[in-house]
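First, one chain by itself in structure tokens, the form predicted on its own.
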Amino acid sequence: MTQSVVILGGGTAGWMTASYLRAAFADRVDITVVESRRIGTIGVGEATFSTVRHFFDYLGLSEADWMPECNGTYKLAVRLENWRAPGTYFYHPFERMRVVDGVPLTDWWQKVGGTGSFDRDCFLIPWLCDAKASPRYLDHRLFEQDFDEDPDRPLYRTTLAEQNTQFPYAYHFDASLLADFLCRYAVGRGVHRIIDDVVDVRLDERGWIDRLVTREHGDLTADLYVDCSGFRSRLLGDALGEPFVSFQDSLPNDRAVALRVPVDTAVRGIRPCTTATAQDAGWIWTIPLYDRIGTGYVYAADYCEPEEAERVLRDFVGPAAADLEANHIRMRIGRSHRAWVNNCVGIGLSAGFVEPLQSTGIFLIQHAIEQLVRYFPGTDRDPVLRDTYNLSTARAIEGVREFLILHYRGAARADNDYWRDAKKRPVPEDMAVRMEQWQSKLPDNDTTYPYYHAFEPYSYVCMALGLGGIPLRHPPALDLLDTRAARAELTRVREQARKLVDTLPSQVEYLSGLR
């Protein structure tokens, strides 16, 4: 039986892995994290996906336990600006579609119209985002929507497999502060922390990792090694030589430049969403934390030089960017051919990464950790467990890749070479077929990526309707059906939304109370 694990690298991936494995296996597995003082983490502000609540639940942590320490805020949606055309925006909310007479409300919206804004006509969350509202009342009740929160449910042992309904929000947090918090959590529960440099990785005659050689602590040995060394992929890529599958042909953005911008949230307010604003060679993220804004320009080096990217970002931020230090980041877009090789598992950037357009980095870490627990190796090192893990994690990142490709292929924007070239880049063959089908009917379970990757059909519907570059039409059957119930439901959405905006506190007010 696997009784010891050494994790190379701290940061978000390393400490998420260590804390989760400790919560899962308690003291039955010895866990050690080795991290270097000299090697920093990317550490920019992180946005997450709504499934991240299961991670904190599994650790038995409430929002009051960790959010104040990590400058956490709520995220109810992604707001996409200028993707259809300059001056336009739409929301991709954490909210499933309503159904009227067996037909999704978004299909009815195509038929009967509304105010002209599909997101505000069909969903509640866009209204809350525009109002900078909290998803919870001051007594901590969740706002009225489909998810039924049981206040008596213990915050323990829930996983992605139990995500049978759409939770209405995710989080923003400072990644460095979260790593520090999880480090304290894990070490306080028996995880060993070694601060040292790994100077060599020795393999045995089979090509498996035999030991890590450190500068000051000698040799570290384990039954299983987890590579959380980031883009360096020190174990999986360097030592084991696992090939890397690049996504550059379809997702060319390979650089980022980031700023940490102090703000007075009491004056500015906190919009409960991540904003992705399209630019000439990529897009700019805006992530509101409790004490600052995390912002960065994700761009393609083939279309923009680093100096130009930094200038664009500073101009976007305005006077508040003066004298702030910029963090330039090179990104490796793609995945390792296999994430689990011999006795080494890559988690996080070492295993793969797609640009952070829909905040999937933390999701892919969480998914990988859960799969590792599910397929944790025994004494016999059954290859079926390894191969199943590799298939599951590869399918997840490939699905995310496909969803992100849609943003560029589906965007109506085509005002320069970057955006025109985006329409010509290759897409997976099956995706091309699906996009053809969407011109006859909006995406559904039968016409979206078939394997688990966190995004449901409604997410594809939001992109198809909001981006504006895919010809769409309503189902012909709606021309023969009575529209009264659909019109009444569109009216009901607006009425419910206005009531929520009038009664929910602002996010600043709620989080100030939580702190």
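Model, not experiment: these values are computed from the prediction. One rule holds for the numbers: they count along the sequence shown, beginning at 1.
Below, we refer to the form predicted in complex with a small molecule, which is not included among the displayed structures.
Taking a 4.5 Å heavy atom cutoff to the small molecule in the predicted complex, the contact residue among Gly294, Pro93, Pro272, Gly72 is Pro93.
Site annotation in the predicted complex: the residue of Ala454, Leu59, Leu478, Ala464 reaching within 4.5 Å of the small molecule with a heavy atom is Ala454. Within 4.5 Å of the small molecule in the predicted complex, a heavy atom is found for every one of Ser50, Gln166 and Gln358. Of the candidate stretches 22-30, 455-463, 486-494, 61-69, only 455-463 has residues whose heavy atoms lie within 4.5 Å of the small molecule in the predicted complex. The closest non-hydrogen atom of Val78 lies within 4.5 Å of the small molecule in the predicted complex.
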